[in-house]
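Before any questions on how it binds or moves, here is one chain, the form predicted alone, in structure tokens.
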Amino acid sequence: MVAIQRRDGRSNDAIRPVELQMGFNEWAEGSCLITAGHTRVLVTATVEDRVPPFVRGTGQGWISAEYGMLPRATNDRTFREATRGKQQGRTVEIQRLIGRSLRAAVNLKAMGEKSILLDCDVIQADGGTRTAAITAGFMALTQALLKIHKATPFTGKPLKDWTAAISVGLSMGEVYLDLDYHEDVQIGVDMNVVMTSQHQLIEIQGTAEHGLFSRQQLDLLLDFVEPGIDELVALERQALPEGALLIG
């Protein structure tokens, strides 16, 4: 592990500048372009009046996600996965994480038998693309649910709470919040956390890439995450205040 020098001069507990641009795609039922530092991810939400076969007849809805990186989202051009005929393992793992996280944030019974598909496209990657996709995915999902609610009001609240995600890392005993790519490739412990506004945990992905970490250090990492989630949720509330109508 090495000491991390933050290139943008942020303090260890500071997140990158974040912008949430709602309604970026005028055709989709919901959409959000998130900018977090130099990372940019566009998420669009599509509503369908059907559910997968394993959910059919249960009276509940379903949330799923697809994730991909544009060829020049990174420093070098990467091949489109469609041209190779299959998705990489990383892609599959990330889109499962996004879908799993956002299903946990939703009362699927309140949705009725509707599906919402979230397309998460990384326009530019500089670390934290999966956490950015979850945060923007929640916003696109909320916008789509609002559109459904305006047409046919829900009988119950479909959202459990405001939800966001952020990365955190540990190097030489120092904790760093919201890692960019330069930091991520050097960090000793890398963790992605999905959390609600009430600091309820939805998912923790933590890996000791270059060294072990203790239970006490895990607690310290989570202590750093909570204020970062608070900042992201404040931006969510500001970007889509009517989303509060669906939370309960």
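Everything numeric in this text was worked out from a predicted model, so none of it was measured. One-based numbering along the sequence shown.
Heads up, the form predicted in complex with a further copy of the same chain isn't pictured, but that's what we're talking about next.
Residue contact with a further copy of the same chain in the model of the complex: G85 places a heavy atom within 4.5 Å of it.
Using a 4.5 angstroms threshold between heavy atoms, L145 stays clear of a further copy of the same chain in the model of the complex. The shortest heavy atom separation between A45 and a further copy of the same chain in the model of the complex is within 4.5 Å.
Taking the partner from elsewhere, Q186 is found to have every heavy atom lying beyond 4.5 Å of a further copy of the same chain in the model of the complex. Annotated contacts: K114, I229 and Q238 are all free of a further copy of the same chain in the model of the complex [non-hydrogen atom within 4.5 angstroms]. Stretch 88-96 is the contacting one of 131-139, 172-180, 148-156, 88-96, since its residues have non-hydrogen atoms within 4.5 Å of a further copy of the same chain in the model of the complex. Using a 4.5 Å cut-off on any heavy atom, the residues of 200-238 that reach a further copy of the same chain in the model of the complex are, in sequence order, Q200, L201, I202, E203, I204, Q205, G206, T207, A208, G211, L212, F213, S214, R215, L218, D219, L222, D223, E226.
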